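Just one chain is shown here, as C-alpha cells, and it is the form predicted alone.
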Amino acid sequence: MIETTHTEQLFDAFATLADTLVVGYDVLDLLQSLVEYCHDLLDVDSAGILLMNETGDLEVVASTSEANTLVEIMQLDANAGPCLESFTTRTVVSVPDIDVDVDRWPDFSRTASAQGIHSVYAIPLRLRETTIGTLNLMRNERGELGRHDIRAAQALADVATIGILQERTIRDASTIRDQLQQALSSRIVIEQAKGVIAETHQLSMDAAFERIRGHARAQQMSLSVVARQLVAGELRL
C-alpha cells in the first residue's frame, strides 16, 4: 500500500508539472515545485537548483532548506564542488560519502558536514547540447541514492528542463535569457520577503518561506508577486 501511494504521488508530480507546461508557467514556481517534489517523494533531506544567469554564471534559484542554499552558495564562492562539476561536465555526479572526497573539495566537504549533509547527488539540467543548471539532492545519511529515486529525479529534472526550453513558449535565445534572469531576479525579492517575515514574526528563514509559499498557493498567486507585495509593504502575513 505504501509503495502504491508513493507511485501515485510520483504520477501526480509528473502530471502537475506537465499541466503547468501546457497552460503556461512561472519559471521560478516551476523550479521550486521541482525541488519540493524531490524533497517530498525521494530519499533526500533537501533539494536545490543552480541556474545559469544571463552572464553564464550559476546562481541559487530554488531550495527546500537554508542548509542546502548555504552549501550551494559556498560551492559558487569556491568555484568547486560536485554541483559545479556536474554543470561543467554535463554529467551526473554522485558523492555517497563527502568525507571520502574531502581532499577533492575541502571547502565543500567542511561546509556540508557542518550542515549535517553527508552525501550529494547532482544532476545537470540539460537538453541535447544546452545545459542551464543543476538539480542537487542532499542527504544527511551516507550512501548511494536508490536506483528508483535516481531515475525519478532525472525524469523530473528532464521535464523541468524541457519546460524551460520548449520551443512553443521560448522562441529564441534572448527570450531564454530573459526568462531565466527574471527567475533569478524574483529569487532576490523572495529572499528579501523571507527576511521581512522572519524579522516580523521571529521565525526561521525556512519557516518564513513556508508562510509565503502557503499564502501564494492559497491565493493562487506566483511566489514572486507575493514577495514583491511583502517587500513593498502592500501585504502582511
Partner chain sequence: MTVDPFRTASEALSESGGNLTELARPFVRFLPVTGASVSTFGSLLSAETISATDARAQRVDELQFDLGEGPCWDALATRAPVLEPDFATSASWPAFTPAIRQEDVAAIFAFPLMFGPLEIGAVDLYSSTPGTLTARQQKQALVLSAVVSRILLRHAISEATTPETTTFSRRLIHQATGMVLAQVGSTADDAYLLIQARAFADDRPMREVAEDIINRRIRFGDLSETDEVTP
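Definition used throughout: the rigid core is the maximal C-alpha set that superposes within 1.5 Å between two forms. Positions refer to the first chain, counted from 1. Since this is a predicted model, take the numbers as computed values, not measurements.
As for the form predicted together with its partner chain, it is not shown, yet the points below apply to it.
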Item to complete: Select, from the options 71 to 79, 156 to 164, 143 to 151, 93 to 101, the stretch whose residues sit within 4.5 angstroms of its partner chain in the predicted bound form by heavy atom distance.
Response: 71 to 79
Item to complete: Counting non-hydrogen atoms within 4.5 angstroms of its partner chain in the predicted bound form, say which of 178, 191, 210, 40 makes the cut.
Response: 191
Discussion item. How about residue 36 - does it come within 4.5 Å of its partner chain in the predicted bound form, if we only consider non-hydrogen atoms?
Written reply: no
Fill in: Partner proximity in the predicted bound form: residue 60 to its partner chain, non-hydrogen atom cutoff 4.5 Å
yes
Worksheet item: With the partner left out of view, is residue 198 within 4.5 angstroms of its partner chain in the predicted bound form by any non-hydrogen atom?
Response: yes
Discussion item. Check residue 231 for me: does it contact its partner chain in the predicted bound form (non-hydrogen atoms, 4.5 angstroms)?
Written reply: yes
Practice prompt. Quick one: name the residues from 80 to 115 with any non-hydrogen atom within 4.5 angstroms of its partner chain in the predicted bound form.
Written response: none
Fill in: Large Cα shift (2 Å or above) at residue 67 between this form and the one not shown, core-fitted
yes
Worksheet, complete the sentence: Distance flag for residue 69 and residue 127 (Cα, change 3 Å or more) in the predicted bound form: the two residues are farther
Item to complete: Please say whether the CA atoms of residue 77 and residue 122 come closer or move farther apart in the predicted bound form, knowing the change relative to this form is 3 Å or more.
Response: closer
